[in-house]
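Given next, in structure tokens, is a single chain: the form predicted on its own.
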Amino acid sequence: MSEVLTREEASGAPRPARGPALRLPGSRAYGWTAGGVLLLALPFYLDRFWLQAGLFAMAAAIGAIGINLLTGATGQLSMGHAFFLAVGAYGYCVFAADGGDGLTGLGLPTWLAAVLAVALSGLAGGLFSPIAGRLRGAYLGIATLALIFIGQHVLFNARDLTGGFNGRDVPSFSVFGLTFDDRELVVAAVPFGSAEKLWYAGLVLLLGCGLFARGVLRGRPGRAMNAIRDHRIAAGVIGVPVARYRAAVFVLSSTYAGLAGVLLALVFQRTVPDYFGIALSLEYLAMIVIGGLGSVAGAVVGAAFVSLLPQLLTHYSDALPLVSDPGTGGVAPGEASRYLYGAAVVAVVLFLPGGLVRVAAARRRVRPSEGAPPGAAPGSIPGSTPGEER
């Protein structure tokens, strides 16, 4: 082995100790920082329509993260996600309302009502978890489909709790003396209504839910969930309690759905039973397929795509061909959006099995000439092992 010795090494003098290497933030850190600043500044420049569209996307992203933990990471198909969203939304109304509208209400502080509504969704998932722990695949999907029918029957007929067909109003959220209603709060000469205030609450909730799910997926529970998804018998052989993990993930997914339901109710300011039907459950499955199964980023990207598409088509229906208002002879924006993300699901399944996030991941791959160790396979990521989930 040939070596070139420096003058100090040849003379035997001790080499001066080197300090820690200075690591400069990469382009990815700058991108995250710029994105965060942009999201924080948007309420100062966007009108109410776009802020509400963004809030719908945030709520959908929280719910999509939950079902991605269940379906994408653990391989458990659920068709009843909309049921747990309804439990969160209506649970918040019942806990927070004061009964002034003639409907049942406990009049609790709204922050406590939100916590209890999310816990109620987790409890509903816990009651169903023994079934979820023993069923898999299409069997679990059919079993959870029954939750939708039961939920719709209750929502339409338990009028004292749900308001029946007309739904019920949603009390404004309040915490630390700040009420998230339309009473204007001027910040930097910009009037803040409910949409502007909820925007920051939604960002905090989405960030917390994303980081928690990311920690779960990258830790020991995440590896056990992936093992159950890939081969449940092998997972059981190596010591993974399969039924217990399936039940626990179902409860966690239900809790995420309950939080998404509470945020949706606050944004809508009214809950109606028609919204929490089978179509909503199918939309959540479309979100995680389009964005990427088993990935937090995939759930967020898919939720943004599916939830924002109807809003964009509605807003620009006058300028788009074949898209017009309902009842005017053309394709309604909601119907057109279902066609488009249905086509997107087919395209992703056929040509991009990893979802839209795989496109970004492929662009981040390092070429061998840009720092990959000698002998590494072309396109491999330094420090990763073949097949490692990113």
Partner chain sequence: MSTFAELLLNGVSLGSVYALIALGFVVIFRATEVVNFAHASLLLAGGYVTATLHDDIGFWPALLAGVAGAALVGAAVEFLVMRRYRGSDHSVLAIVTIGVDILLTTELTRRLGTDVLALGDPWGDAVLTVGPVSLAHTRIAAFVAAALLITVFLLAFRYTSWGVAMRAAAESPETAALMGVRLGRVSLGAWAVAGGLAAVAALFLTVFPTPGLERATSLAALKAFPAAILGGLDSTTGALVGGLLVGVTESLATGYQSDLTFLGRGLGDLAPYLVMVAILLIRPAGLFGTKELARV
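All values derive from a computational prediction rather than experimental measurement. Residue numbers count along the first chain shown, from 1.
This next part talks about the form predicted in complex with the partner chain, which is not shown.
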Contacting member of F149, F212, W111, Y200, with respect to the partner chain in the predicted complex [4.5 Å, heavy atom]: F149
Which one, G277, G208, P130, G164, lies within 4.5 Å of the partner chain in the predicted complex by heavy atoms? P130
I need the one stretch from 89-97, 227-235, 263-271, 114-122 whose residues put non-hydrogen atoms within 4.5 angstroms of the partner chain in the predicted complex. 227-235
Does the 4.5 Å heavy atom contact test between T179 and the partner chain in the predicted complex come out positive? no
Report whether the minimum heavy atom distance between T71 and the partner chain in the predicted complex is within 4.5 Å. yes
Taking heavy atoms and a 4.5 Å cut-off, does A57 contact the partner chain in the predicted complex? no
Closest heavy atom of N157 to the partner chain in the predicted complex, within 4.5 Å or not? yes
For the partner chain, considered in the predicted complex: do all three of L42, Y45 and D169 come within 4.5 Å of it, counting heavy atoms only? no
Using a 4.5 Å heavy atom cutoff, which residues in 280-296 contact the partner chain in the predicted complex? It's fine if the answer is none. L282, L285, V289, L293
